[in-house]
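Below sits a lone chain in structure tokens, taken as the form predicted alone.
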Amino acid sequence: MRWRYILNVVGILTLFLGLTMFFPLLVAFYYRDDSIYSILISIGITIFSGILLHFMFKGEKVENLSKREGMAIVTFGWSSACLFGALPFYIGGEFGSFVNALFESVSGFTTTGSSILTNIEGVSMGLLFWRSLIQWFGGMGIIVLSIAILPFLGVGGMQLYKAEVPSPVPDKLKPRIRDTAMVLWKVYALFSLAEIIFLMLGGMNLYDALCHTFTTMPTGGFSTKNASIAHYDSVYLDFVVFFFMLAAGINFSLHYQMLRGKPLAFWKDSECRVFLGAVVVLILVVTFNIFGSVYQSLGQAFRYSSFQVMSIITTTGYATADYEQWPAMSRLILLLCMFTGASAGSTGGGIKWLRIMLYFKYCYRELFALLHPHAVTHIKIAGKSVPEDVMRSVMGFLALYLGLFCLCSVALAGLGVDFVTSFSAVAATLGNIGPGLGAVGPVENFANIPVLGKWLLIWCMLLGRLEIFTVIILLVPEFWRR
């Protein structure tokens, strides 16, 4: 492990983060709110720390990054971003204790959307803009952004890309990894620009349109309103947000192919077909479950069920209804959606539908082997055999995901949190969803979770965003050996 190089890169990433804080500073100056000084102080601390790290550890040249070094840079890079990103919240004093500020920052960068704020509209506009902006950066990934714009990461970039991109098999769209990262960010920015325009056409002002776009495309879910998207009570805005949540939940490499004139790429991709099919079925089931019991109009039932299913399955976490009041069947479906997540290669969290498909194919292969023990079979996706190392990684991920979910749920319950809240809070943070059930439901927040519980959920959010392996590998003793 070449720690000098690792810390040098983390320093440059920290410096870059400090420069991005000038955006909320401009917003604070424009609205003349109370966050100007807290953001200015945060900029100074962050930039100084980044420069200090860079110059203290500069000098070591690296030809190739190992997997361990790539994982270390990603994990420490994200941890640094979350730590320094919390400074405006903490110095401003509107988020209370440091753990609350850190919780909000980690929730932002990991695009979880869980919040400790009890009165969002009472927070200064500069800090709310920073809260949204860090979700936008976190969506496609700070590391991927850095690979795209910082030439020094051109060498060994694939190790960083593989460690950061939330997908079992990262799509390399271009021969050079830096070009791949740039393509992804261009698609991401193009969709973001389109959503801003459509939201403003629906009556949102520029500030709210920016903030909601910055939290829709990364499937983050932070809103500038206490009631989330329900504040606007607009069918048009519901549809616009629904569409862009769906777009964000689909593999971005498919969007790239569509923009290159290949619209059938969505249909040809087996994961995309399964994901869209599951979304349609779940929306219809929930619609008919809440029709008559909660909503007397079929149109209303369809409107609210479709939005909530899309919001949860893409791990966005916006709310237009209090689904805590829905029948048990609908609540259970939404809880299961917290585990499935969206497509691989999207900005969504959760297990991902590609892994779920591979899991069922693996189970079928084992059943087939019982009947035909001498047959040689291969698991295939889109007509191509899946390598055994990928299958091993998928099965290991599923085992770790469910094991950590159970362990963290028990630990949270041990801190005095009730069963439903513990269960759903861990599911919501590990899957980067946002709201859960019980005391952390769609009209509640995480403010009343014990301090140790917040630290636990902070860890869960990082685990979920970095696909578990990247973080958990640091706990393996062999990782630190030469």
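Position 1 is the first residue in the sequence shown; the rest follow in order. Keep in mind that this is a model prediction, so the values were computed, not measured.
What comes next is about the form predicted together with a further copy of the same chain, which is not displayed.
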> Which one, 132 to 140, 326 to 334, 250 to 258, 196 to 204, holds residues whose non-hydrogen atoms are within 4.5 Å of a further copy of the same chain in the predicted bound form?
Replying inline: 326 to 334
>> Using a 4.5 Å heavy atom cut-off, which residue among Met391, Ala278, Leu284, Ile120 comes into contact with a further copy of the same chain in the predicted bound form?
In response: Met391
> Among Ser306, Thr320, Thr224, Ser409, which has at least one heavy atom within 4.5 Å of a further copy of the same chain in the predicted bound form?
Replying inline: Ser409
> Taking heavy atoms and a 4.5 Å cut-off, does Lys58 contact a further copy of the same chain in the predicted bound form?
Replying inline: no
>> Does any part of Lys67 reach within 4.5 Å of a further copy of the same chain in the predicted bound form? Heavy atoms only, please.
In response: yes
> Does Phe469 reach a further copy of the same chain in the predicted bound form, with heavy atoms at most 4.5 Å apart?
Replying inline: yes
>> in the predicted bound form, is there a heavy atom of a further copy of the same chain that lies within 4.5 Å of any heavy atom of Asp233, even though the partner is absent here?
In response: no
> What residues, if any, in 360 to 377 have a non-hydrogen atom within 4.5 angstroms of a further copy of the same chain in the predicted bound form?
Replying inline: Tyr362, Cys363, Tyr364, Arg365, Glu366, Leu367, Phe368, Leu370, Leu371, His372, Pro373
